[in-house]
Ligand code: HEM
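This document opens with one chain alone, in structure tokens, the form predicted on its own.
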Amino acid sequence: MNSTLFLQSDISNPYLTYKTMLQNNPVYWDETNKIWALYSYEDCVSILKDPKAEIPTVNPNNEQKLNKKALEILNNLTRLSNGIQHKISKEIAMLLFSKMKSVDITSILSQLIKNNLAANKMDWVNSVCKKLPLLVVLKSFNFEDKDCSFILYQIESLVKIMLPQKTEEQVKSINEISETIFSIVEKQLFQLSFYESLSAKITESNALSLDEIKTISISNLIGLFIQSFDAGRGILSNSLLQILNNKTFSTKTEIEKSVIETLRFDPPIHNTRRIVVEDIFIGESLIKKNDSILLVLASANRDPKKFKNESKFDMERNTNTENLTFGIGGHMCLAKHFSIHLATEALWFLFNEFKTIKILENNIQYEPMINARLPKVIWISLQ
């Protein structure tokens, strides 16, 4: 194997590759890309919990030429920060998350299906998965319909802000929309009843100005939009495929267990990266300061030392909740329980509402991404 980095669109079954690497090269130096790749559960957990392994800088010295607002968004995201900056932005993100009001997921889903179902057929990915999680977040913070429509329309361009490498066209699109989205979120944040108390609480515990708190809050609310779009669509897409394949849709509890097992068995996010700030050892391998590490979480999720019968979809396995798809430690995704709940409610409504649901695709195609395995389209029939 020459390279650990490949596009998910170029490989039909990456799990065969992961299995081979886990057996033969669980700690692997990829000379082509100058990156370490870790495939075992134990090693991935070790790095995820190690403070000497930090999140790599996405846009050092603004070499990608992002404008002021795009740069503010990127630089203040909890998921991309380290040290004290991460501590502060995570506290703000958690407070924002705790203030989300409950919305009726099924009514939003019902409307999306009604708007997109034609001749009993629908593209599940583009009709629902790319819209439902983001709409639920927007409605949870009382965004107006016109603002919801604008953000929904522009989100696919905005999520490119997370890419380590961006094309000139992608940077241009990000710069064009970031100021407007920042302004929309800023206006809405000031109208939310809890924002003043949130600001006071953060000011009390950290030496931050109100402007700094505002920028971090706006950025992380936008970050929640981004997560809703990419990871949210993946959970809904992959869970539907696995539930239909394994026929585990008789009760809501069965669906919830299936969503959790999908997060282990066929997760939307396959890998994440770290950079070490001091020399460390993984087994007998010396990882030197400033070396990059690829944590192959999808491989760790199928490590037989952790998960019995790892290649079998088993919603009753008692270790399924210990999958690494949402991370672990300080950078564990805050949207874990929200995402599982949303997928469970949406899929239970779908299977409860329609007697027959069939996949019309013989061969699912995936987006050309390295870190995520996201179906491009999933045509289904609903009867």
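Position 1 is the first residue in the sequence shown; the rest follow in order. Since the structure is predicted, the reported quantities are computational estimates derived from the model, not experimental observations.
Quick note: we don't show the form predicted together with protoporphyrin IX containing FE, though the next part is all about it.
Asks: Quick one: does residue 269 come within 4.5 Å of protoporphyrin IX containing FE in the model of the complex, counting heavy atoms only?
Replies: Yes.
Asks: Is there any non-hydrogen atom of residue 28 lying within 4.5 Å of protoporphyrin IX containing FE in the model of the complex?
Replies: Because no heavy atom of residue 28 falls inside 4.5 Å of protoporphyrin IX containing FE in the model of the complex, the answer is no.
Asks: How about residue 237: is it within 4.5 Å of protoporphyrin IX containing FE in the model of the complex, going by heavy atoms?
Replies: Because no heavy atom of residue 237 falls inside 4.5 Å of protoporphyrin IX containing FE in the model of the complex, the answer is no.
Asks: Does any heavy atom of residue 231 come within 4.5 Å of a heavy atom of protoporphyrin IX containing FE in the model of the complex?
Replies: Yes, residue 231 is a contact residue.
Asks: Let me know the one among 188, 248, 175, 227 whose heavy atoms come within 4.5 Å of protoporphyrin IX containing FE in the model of the complex, would you?
Replies: Of the listed residues, the single hit is 227.
Asks: Could you tell me which one of 301, 78, 217, 258 places a heavy atom within 4.5 Å of protoporphyrin IX containing FE in the model of the complex?
Replies: Result of the distance check: 78.
Asks: Any idea which of 344 to 352, 28 to 36, 66 to 74, 329 to 337 reaches within 4.5 Å of protoporphyrin IX containing FE in the model of the complex, heavy atoms considered?
Replies: Careful reading of the contacts points to 329 to 337.
Asks: Heavy atoms within 4.5 Å of protoporphyrin IX containing FE in the model of the complex is the criterion; list the residues of 283 to 322 that meet it.
Replies: The stretch 283 to 322, when checked against protoporphyrin IX containing FE in the model of the complex, contributes only 297 at the 4.5 Å heavy-atom cut-off.
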